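Okay, so here's just one chain, in structure tokens, the form predicted alone.
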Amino acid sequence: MNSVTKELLSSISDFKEGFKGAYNIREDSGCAGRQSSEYIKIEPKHDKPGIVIRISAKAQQETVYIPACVTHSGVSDLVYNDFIVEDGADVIIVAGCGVHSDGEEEARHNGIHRFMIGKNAKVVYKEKHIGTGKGTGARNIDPVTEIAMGENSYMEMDTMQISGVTSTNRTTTAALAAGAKLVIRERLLTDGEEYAKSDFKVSLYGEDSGVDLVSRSVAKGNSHQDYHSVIIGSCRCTGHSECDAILVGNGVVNAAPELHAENLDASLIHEAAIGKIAGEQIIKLCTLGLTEEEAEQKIIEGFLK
């Protein structure tokens, strides 16, 4: 792998000298390294660009790494990754994407991830996105996540966009069987002229299924964000959607949470709050010796933590 990939990996996947266990490193539409483990097998797709990750029921608290990097302008990467998680497996998946622009052409990564999660399985999915480089070309990332959760399974998604991504369209859909629980935590920062759209749709069709979806974002400069969530409850279930956003400068945020209750026992809640940083918070930190700019940065870091 090249030096830019190593730098990106350190930001999105906590890469140091290497990965332990199963991993697949994607670099500029190719494979820069791949390794399976005893209980996690990674195989290339034959009909589309991408991989199939098969996670055995014997995988317990095992971690698999699947980062993707675009290291220069003029690369448009598209990948299809399928995760097949057997009943009772317990796995941590560390994904993430870094896009680096060094010229005038666009650098782009589109990742389509499909999760087939078995009964009683547990999945923790961590994903960071970042854009870097001094090129004038756009740095775009459009992730698509499709989730099918089996009975009494559990999935936790922790997604973060750090900085530097010119445009992103983030689409997540999920369908939950009986007793399945989905927890989503999205953290998003935009600046300058950047644009970000988050679109969630969760279908609760199994008795006692539940989703807890929380998005926190900061829109700085002249950036623009659109947030849209739909939770559909067609049985006895619980659903919660929360969107909290901070505006800095001329940032714009549109939030549109939707709830569709199709059963008397569907308990669904949504919350949305958009505003600026409170002046008293800035003043309090300034009395501790910080400048106004440093105080603002500390508040943003704490909000997105």
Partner chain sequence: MLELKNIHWKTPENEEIVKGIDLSIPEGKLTVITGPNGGGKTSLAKLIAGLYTPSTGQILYNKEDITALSITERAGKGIAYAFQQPVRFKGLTVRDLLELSAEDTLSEDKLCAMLSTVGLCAQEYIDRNVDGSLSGGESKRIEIATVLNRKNAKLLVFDEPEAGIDLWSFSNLIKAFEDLKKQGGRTIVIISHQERIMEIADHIAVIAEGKVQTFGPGSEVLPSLLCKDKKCACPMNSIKKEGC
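Residue numbers count along the first chain shown, from 1. This structure is a prediction, so every number in the text was calculated from the model and none was measured.
One more form of this protein should be noted, the form predicted together with its partner chain, which is absent from this view; the next part is about it.
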query	finding
D244: touches its partner chain in the model of the complex, heavy atom cutoff 4.5 angstroms	yes
K298: touches its partner chain in the model of the complex, heavy atom cutoff 4.5 angstroms	yes
Proximity of E280 to its partner chain in the model of the complex, heavy atoms at 4.5 Å	yes
is_contact(S10, its partner chain) in the model of the complex, heavy atom dist at most 4.5 Å	no
Contacting member of K201, K197, R216, R114, with respect to its partner chain in the model of the complex [4.5 Å, heavy atom]	R216
Partner contacts for 121-153, taking its partner chain in the model of the complex and a 4.5 Å heavy atom cut-off	none
